[in-house]
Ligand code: RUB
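Take a look at this single chain, the form predicted alone, given in structure tokens.
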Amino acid sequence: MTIQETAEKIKALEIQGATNIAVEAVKALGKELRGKEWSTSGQVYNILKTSMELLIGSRATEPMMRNGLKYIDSRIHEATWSNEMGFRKLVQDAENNILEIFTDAKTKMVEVGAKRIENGDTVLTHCHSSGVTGTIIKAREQGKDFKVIQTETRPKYQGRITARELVEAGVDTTMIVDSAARHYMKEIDFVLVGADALTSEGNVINKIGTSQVALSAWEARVPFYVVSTLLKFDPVTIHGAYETIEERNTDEIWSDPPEGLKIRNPAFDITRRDYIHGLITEEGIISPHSILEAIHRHYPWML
């Protein structure tokens, strides 16, 4: 896909899930850079800047995508190259490296998460996360017998994607409406959700409704875990900036509302670290309070 096509698909939620978005954006950028003709380094930097802006503009709350693109950008600016062949190899190597980092991090994270699921457990999850489904399916492949309760996740019903994947993998799955999460919390052993962004304070940005599930779990004394690679950390939050919360088209909620009615449609919310039992990452299960130390150990280039 071209840069433009990839950006449009991300914006339209045809590509969704932080990891999937990051992977497709990196591939699109690599393809764009290798395919463009140029004669000076200045032209290359302009193509790089324009392409990155288009991809980043497709989704405000996707630091993993930004980190992946930043990795390629830094490799290009740091390296020495003087011809098209050398440049194409540089881009291909940078793309391969960051995709390998993505894959390795996710594999380790899933292995850690699967160990937390035990026979007889009932797990509640919200929205769709490839990390969550990967963790649950991995536990099922290990022969564990457990149940999953899945919210439908309005207004785009991403919970249906999770439910379909889990049922096809042989996982005992039940779907509920979002507002029923507290009602069923008494049956839950722990909550497992994904993340779109991690902040320097250890807070988590995820699909709208996640914070309500976290509050319900906290009130019911049910552990609340977040499955996320450290690659979703947003470095700008270190310097005081807030993670942008995307507001989507109100047609997703009501396409023909009565005249004069105001509708708001935020795509994400913030779950405070106080309600998070642990972050399930490639490093292991860590406290959200220790996020910065973990980033320094694993991905100092992000800072």
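Being a predicted model, the structure only gives us computed values, none of them experimental. Sequential numbering from 1, following the sequence displayed.
In what follows, reference is made to the form predicted together with ligand RUB, a form of this protein that is not presented.
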**Fill in**
For ligand RUB in the model of the complex, the stretch among 95 to 103, 81 to 89, 167 to 175, 201 to 209 with residues bearing a heavy atom within 4.5 Å is 201 to 209
**Message:** Exactly one residue in Leu231, Ile136, Val191, Ala195 has a non-hydrogen atom within 4.5 Å of ligand RUB in the model of the complex; which is it?
**Reply:** Ala195
**Message:** When ligand RUB is placed as it is in the model of the complex, are Gly17, Gly131 and Gln158 each within 4.5 Å of it, taking any non-hydrogen atom of the residue?
**Reply:** yes
**Asked** Do Arg59 and ligand RUB come within 4.5 Å of each other in the model of the complex, heavy atoms counted?
**Response** yes
**Asked** Quick one: does Leu292 come within 4.5 Å of ligand RUB in the model of the complex, counting heavy atoms only?
**Response** no
**Prompt:** Quick one: does Val213 come within 4.5 Å of ligand RUB in the model of the complex, counting heavy atoms only?
**Reply:** no
**Request:** Spell out, yes or no, whether the shortest heavy atom distance between Leu124 and ligand RUB in the model of the complex is within 4.5 Å.
**Result:** no
**Asked** If we check ligand RUB in the model of the complex, which of the residues in 260 to 275 reach within 4.5 angstroms of it by a non-hydrogen atom?
**Response** Phe268
